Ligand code: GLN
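Just one chain is shown here, as structure tokens, and it is the form predicted on its own.
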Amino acid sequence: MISVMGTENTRAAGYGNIYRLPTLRNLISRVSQFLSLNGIQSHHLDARLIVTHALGLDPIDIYRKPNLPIDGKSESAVLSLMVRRASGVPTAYIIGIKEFWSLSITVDERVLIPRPETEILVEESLAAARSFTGDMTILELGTGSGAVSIALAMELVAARIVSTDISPSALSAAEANISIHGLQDRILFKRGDLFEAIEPDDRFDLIVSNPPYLTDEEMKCLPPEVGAEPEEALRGGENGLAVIERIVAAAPDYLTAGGFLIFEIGAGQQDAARKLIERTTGLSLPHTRRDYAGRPRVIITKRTCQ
């Protein structure tokens, strides 16, 4: 990443000119240029999000009020957030919100930022839910911000959802999110390491998880914005499968007959994940859902009657 004060071009794009920007349009343009010079690939989108957030504007104001005059105090607020983004802080942490499943999820440094790819996990979970009639029970392992559980609760009004996480700070963030969405009576949070938070005789129709799956090698070369997220939500051990192995091994004991286990995987982990399932008594042969870039993303398997 280019240093915030590291080059003549960066200084010209950022500190030298930003206080002379008279309109909303020009402010967004200069912020975008500054972020681009600092290696932020999503600089166009990030500039719009940061500026509208700092100024308390609706995103549509970018098009309705492009010539809106910007005073010095407002520019200073934008500049502060711009510098944070250029230093590698994720935009979602800066503005405190990430859209997921058309829902506004509050996020900060306590939780992993929900990705669009994880919406595929929700899609497959909803497809699996069609196999059940009436009430159903769902367990989410490693809920983080609560985004997946909230999305499922919004779609499956008869479902009872239990969500676990080992991190008390993550659960605090998730509880705030369910309160915002009015789901306090629909989602129960339990603190613990995967199934350790669950009673031995509990059974679920669906177990869903977006577990940590980055390898130790991948953790060494993370982009700064990803490195800012909680390590325990990212690191999956030497081969990235440490947590997945534990989920697969224990899942049959907590699934109802015909119940589904659905979880996200990382790049290159499809074959290894399939082999884990094939070696596990009580789970059916899995199938894989690819993401919109064509990469294997979600593994789906079922509890057999064995």
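Given the structure is predicted, the values throughout are model-derived calculations rather than measurements. Counting begins at 1, following the sequence as shown.
Here the subject shifts to the form predicted in complex with glutamine (GLN), a form of this protein not shown in this document.
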Inset, instruction - Report whether the minimum heavy atom distance between P90 and glutamine (GLN) in the predicted bound form is within 4.5 Å. - result: no
Inset, instruction - Evaluate A173 for contact with glutamine (GLN) in the predicted bound form, applying a 4.5 angstroms cut-off between non-hydrogen atoms, and reply yes or no. - result: no
Inset, instruction - Answer with yes or no whether R160 is in contact with glutamine (GLN) in the predicted bound form, where contact means some heavy atom within 4.5 Å. - result: no
Inset, instruction - Although glutamine (GLN) is absent from this view, report whether F204 comes within 4.5 Å of it in the predicted bound form, heavy atoms only. - result: no
Legend entry - Among 103-111, 189-197, 208-216, 74-82, the region lying within 4.5 Å of glutamine (GLN) in the predicted bound form by heavy atom distance: 208-216
Inset, instruction - Kindly indicate whether V122, A127 and R289 are, all three, within 4.5 angstroms of glutamine (GLN) in the predicted bound form, using heavy atoms. - result: no
Inset, instruction - May I ask you to choose, among I178, A153, A233, I95, the residue with a heavy atom within 4.5 Å of glutamine (GLN) in the predicted bound form? - result: A233
Legend entry - Members of 90-117 lying within 4.5 angstroms of glutamine (GLN), judged by heavy atom, in the predicted bound form: L112, R115, E117
